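Only one chain is included here, represented as structure tokens and corresponding to the form predicted alone.
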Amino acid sequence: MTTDRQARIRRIWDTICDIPQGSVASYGQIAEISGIPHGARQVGYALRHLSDTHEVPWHRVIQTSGRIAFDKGSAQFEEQSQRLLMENVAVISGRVDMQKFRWQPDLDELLWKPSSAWDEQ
């Protein structure tokens, strides 16, 4: 991986780690907050490249429509649904109510968050 690509992936992971428990964000929202306009596919790429020992709460990332991106009935779909339910995020027919559960960080939260754990490595 190139250094630029690694930096983008780390920014994406860092942004996902900022999503609080009980909230979700869309792929596009994560890309935009990470400084990657129109980069929803890059968020999917970054999530596919998580290691088995990661601590990134991948389950909090869903489609803009509120739909879980995995095929209904797949192991990944079931795991994501269960993880969200454990955080009191209602999943009904494979969808989350984005009006109710969408993460909406304020400007202070985005500007003054602690530095990334990735930056210290």
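We number the residues from 1 along the sequence you see. Keep in mind that this is a model prediction, so the values were computed, not measured.
Not pictured, yet referred to below: the form predicted in complex with the DNA.
Contact with the DNA in the predicted complex, defined as a heavy atom within 4.5 Å, holds for exactly one of Asn88, Gln82, Thr64, Ser74, namely Thr64. Taking the partner from elsewhere, Ala40 is found to have a heavy atom lying within 4.5 Å of the DNA in the predicted complex. Put simply, Gly28 is close to the DNA in the predicted complex: some heavy atom of it is within 4.5 Å. Among residues of the shown chain, Ile33 is not one whose heavy atoms approach the DNA to within 4.5 Å in the predicted complex. Within 4.5 Å of some heavy atom of the DNA in the predicted complex lies at least one heavy atom of Gly44.
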